[in-house]
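As a starting point, one isolated chain is supplied in structure tokens, in the form predicted on its own.
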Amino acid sequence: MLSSRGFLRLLGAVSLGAAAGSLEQFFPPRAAAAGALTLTFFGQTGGNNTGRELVHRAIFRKFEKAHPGIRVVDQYFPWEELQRKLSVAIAGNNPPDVIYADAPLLPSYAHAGVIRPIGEYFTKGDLADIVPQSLQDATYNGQFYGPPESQSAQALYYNAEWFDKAGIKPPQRLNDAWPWSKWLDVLRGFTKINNGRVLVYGLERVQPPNLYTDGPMIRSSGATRQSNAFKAISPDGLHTQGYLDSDDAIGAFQFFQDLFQKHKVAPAAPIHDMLATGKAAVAIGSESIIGNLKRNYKDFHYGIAPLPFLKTPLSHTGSLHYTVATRTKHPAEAAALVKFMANGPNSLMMFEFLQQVPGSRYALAHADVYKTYPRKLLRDTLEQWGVVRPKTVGYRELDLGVSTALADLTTGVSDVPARIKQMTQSIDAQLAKYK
């Protein structure tokens, strides 16, 4: 068994930039012993996730020690390859026993019968340890499908040296958060343009628009959490018309476009590591930004401020969940493994590697970094502002429709209301197949 402290020492001896194959010497795949029950798991590695398999294998060895008759056989892939492998395995009716499900996709897996409810294996105390947003993500039609590996919360990250020189002190508490109207003035001030060429942008853009990152701006246009713009989708998860094309939402989509086209504070095409390399003053995202800065830009001084909003503040939440395949031959044992992977101590071990806000109350309580600023702001954001992404069995269709429309807006679509009306009509036509 590898303790959390031992795990950290081990990580210190392993370059997280190493190829996944070089990690096998530490936790080689375990072949099933004669007569042992075998459980299979596909995990994530590569890029910023290289080394994640170390944590999983440490947890699996602990589980095997506690359950001598069970062996866990695992394989690891980069994210896109993992999704392809899962899709092929599911289509072939031969999925791994434990399925790694991204939170917003969990309803679609449940609806399709790919994963099974496992609430019977969890006590009230077990469920009480899961943060509310993760519990909501894991519940479909009143059934619980699996605990979270971690959680996420969004914030605004800024170049502390630039802000200090400019005499600007961003808020550090949610109660003092600035709306987008105030942040826009700040972003304009940091944007540097010479002969029509932008040298420095106010706002970073390192990836194409997407629902997780950019959706909070649109949803925050709702006057309350009960408004249609804030809800973004109907209660049955099958209609966006009247929600994402409400007057408030269309106004937010227009504001989003203006950041790129009118105010030119953000680039239409993504640029790598803008904040860290002095190409932007501000970035919006999850704690992965901190990880990147600590790994690759150790001398960069950053600050964190609450996520900007139009009317009603929120942050999207959600991350990966451990779920059990419907076709597993060993549902009780797979559920026991899933439960073990996500228990408090093992969630804390996973946090030590991911440095991402945990989905376990136990891990949150024992992770000291969340007790003081700046990381406390992320915990507060999760607990007070955190909202799951719009729940629908057609999340892929919803995400693609919104992301495509947002990308069109960045390049200068002239009639924003017409484009958004077209977007909701197209999304709803695709969601109709789930009725």
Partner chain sequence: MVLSASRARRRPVGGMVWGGLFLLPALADVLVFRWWPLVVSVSRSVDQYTLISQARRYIGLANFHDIFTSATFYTSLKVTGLYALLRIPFEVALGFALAIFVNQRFRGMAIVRTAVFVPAATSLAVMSVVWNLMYQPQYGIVNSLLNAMGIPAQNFLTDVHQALPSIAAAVIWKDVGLPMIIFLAGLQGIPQEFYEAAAIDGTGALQRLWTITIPLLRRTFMYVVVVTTVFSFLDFAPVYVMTHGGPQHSTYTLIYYIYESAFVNQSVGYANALTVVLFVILLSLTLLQMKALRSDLEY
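A quick note: this is a predicted structure, and the numbers were derived from the prediction, not measured. Numbering follows the first chain given and starts at 1.
The same protein has a further form, the form predicted in complex with the partner chain, not shown here; the description that follows concerns it.
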Among 311 to 319, 121 to 129, 169 to 177, 195 to 203, the stretch whose residues bring a heavy atom within 4.5 Å of the partner chain in the predicted bound form is 195 to 203
In the predicted bound form, the residue from R61, K376, R396, H366 with a non-hydrogen atom within 4.5 Å of the partner chain is R396
Partner-free chain; cross-checking the partner chain in the predicted bound form, the single residue of D247, E80, D299, D185 with a heavy atom within 4.5 Å is E80
Hey, in the predicted bound form, is I284 touching the partner chain, heavy atoms inside 4.5 Å?
no
Open item on the list: So, Q207 and the partner chain: in the predicted bound form, are they within 4.5 Å at any heavy atom pair?
Closed with: no
Decide whether L400 counts as a contact residue for the partner chain in the predicted bound form under a heavy atom distance cut-off of 4.5 Å. yes
Next on the checklist: Can you tell me if P270 lies within 4.5 angstroms of the partner chain in the predicted bound form, counting non-hydrogen atoms only?
Outcome noted: yes
Residues in 274 to 307 that come within 4.5 Å of the partner chain in the predicted bound form by at least one heavy atom, in order, are K279
